[in-house]
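Just one chain follows, in the form predicted alone, and it is written as structure tokens.
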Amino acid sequence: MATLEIRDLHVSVGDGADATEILRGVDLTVQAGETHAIMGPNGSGKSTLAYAIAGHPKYEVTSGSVTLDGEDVLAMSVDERARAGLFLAMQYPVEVPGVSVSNFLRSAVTAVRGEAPKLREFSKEMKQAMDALAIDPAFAQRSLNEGFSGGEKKRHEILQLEMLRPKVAILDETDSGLDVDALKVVSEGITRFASGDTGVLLITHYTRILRYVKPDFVHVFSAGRLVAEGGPELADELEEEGYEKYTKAGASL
């Protein structure tokens, strides 16, 4: 049973005197079978948390710890974190011309599983996952993220989840740019993934995705800290009242 533990995490951006502290002591535990929603206004540190866990070089962890099943995540390289079972769906995925979706997925599956899947088995597995996400079979031969619509990029991220089966998935603004139909399909994919022995950390600014993906826990970020925690009812409160009182709470800490 996977467990991601974040303890007193402090993260800065910039060098020396120009460094700015973004995260100011974050504590969070995500266990297998749990879906955690991270909410908060723009600039509150939500995406910084995701990128720091994934190992983005722009973000410097100045203190604190991140462990996955007791192993020190911060001591791992980016690829080691992926092989250990961490997955990050980025808000703005990079275009990679000349690399097909199919080749990318097979390379990723090979890296995570430690051996290349047989082509016939991989093709069958990929087709099943694409069918579940209502993805056109021709999508597999397109260059990675090149010319993709917002919905196609998000479907592809969930397709990666289906294929890679990480221990913990960190989904950053997965609902960004989705129309209602795409949102439903993507949400169904997240729910399928989260129903097993895996954990989900879902970062979002709006509550609309939480109408389809039911979180077990909701956490509110403000000024680089977690200032409130609760169940799904907290998301309903945010929908009605907004972030103002939590923004004030973060500023006062």
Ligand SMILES: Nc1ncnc2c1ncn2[C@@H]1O[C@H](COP(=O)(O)OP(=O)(O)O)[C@@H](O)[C@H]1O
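On a predicted model such as this, the values are computed, not experimentally measured, just so you know. A residue's number is simply how far along the shown sequence it sits, counting from 1.
Not pictured, yet referred to below: the form predicted in complex with the ligand.
- With the partner left out here, the ligand still marks one of 209-217, 36-44, 65-73, 194-202 in the predicted complex; by a 4.5 Å heavy atom cut-off that stretch is 36-44.
- The closest heavy atom approach of A235 to the ligand in the predicted complex falls outside 4.5 Å.
- Within this chain, T48 lines the site of the ligand in the predicted complex, having a heavy atom no more than 4.5 Å away.
- The closest non-hydrogen atom of K58 lies within 4.5 Å of the ligand in the predicted complex.
- In the predicted complex, L9 stays away from the ligand, with no heavy atom inside 4.5 Å.
- Residues of 8-39 lying near the ligand in the predicted complex, listed in sequence order, are V13, I22, the criterion being any heavy atom within 4.5 Å.
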